[in-house]
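Okay, so here's just one chain, in structure tokens, the form predicted on its own.
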């Protein structure tokens, strides 16, 4: 009970901070929406040459954009570093609140923002003619939120370890673009050269994107759905553990 109370109080505190700056909700939505508006029509015009039916373009493209939005949680640590610097995190560490409640409250507040952004993106996609089964959409949102949990936790772990915005920016920017492109967010990896197909197998977000596309198609029994959930759940556990380890090391 105490854990839940600590978690709730910290979560409310983070949400109040987020609500004071609602502009960030739309800033985080801007990149996927621009892809939707400016890139997806190009795929529609190329559908004959690329072998992708025009009515399947949205189902292929939107899941990738949702995963990209979740991967953007990797930048959640930038505002967190400022709180480390001014001593807010140090005060939490000497309080009775558990380390896990501190991490989960931070991650939870980020997930509310991610859910709102993803919902807005799906709504815009529906205006573009997207049709997707309800269960497939719900399961995809769960997978997207799990990706967000993993990336936000990793961002907090890096922030606690470096305590420097420049170091966080260097690390995140080095890895963000390659793993994003190798996840097949814009086009299926199946149309890529063999060396990219091989490299994608080592990218956990490839399984999330492919699993989400299967869910959008209503293909719930596809092995990529199981692999996608299995990989992102394992990634969540690992990244939360890393964030907890970094927080405990800071308290030592």
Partner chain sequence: MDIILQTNKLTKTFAGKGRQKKKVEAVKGVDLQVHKGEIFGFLGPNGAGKTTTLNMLTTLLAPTSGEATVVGHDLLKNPQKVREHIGYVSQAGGADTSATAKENLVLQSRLYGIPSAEAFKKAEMLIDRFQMKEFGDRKARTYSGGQRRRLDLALGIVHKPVLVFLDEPTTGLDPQSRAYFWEEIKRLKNDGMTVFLTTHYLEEADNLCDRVAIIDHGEIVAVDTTQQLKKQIGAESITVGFSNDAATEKAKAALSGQKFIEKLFPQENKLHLYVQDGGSLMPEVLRILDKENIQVQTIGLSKPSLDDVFLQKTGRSLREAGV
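Since the model is a prediction, treat every value here as computed from it, not as a measurement. Positions refer to the first chain, counted from 1.
We do not show the form predicted in complex with its partner chain, though everything after this point is about it.
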#### Entry: its partner chain in the predicted bound form: contacting segment from 84-92, 107-115, 135-143, 171-179, heavy atom within 4.5 Å
84-92
### Task
Answer yes if any heavy atom of residue 241 is within 4.5 Å of a heavy atom of its partner chain in the predicted bound form; otherwise answer no.
no
### Query
Is there a heavy atom of residue 121 no more than 4.5 Å from a heavy atom of its partner chain in the predicted bound form?
no
### Message
Is residue 233 part of the interface with its partner chain in the predicted bound form - any heavy atom within 4.5 Å?
### Response
no
### Query
Heavy atom to heavy atom, is residue 97 within 4.5 Å of its partner chain in the predicted bound form?
yes
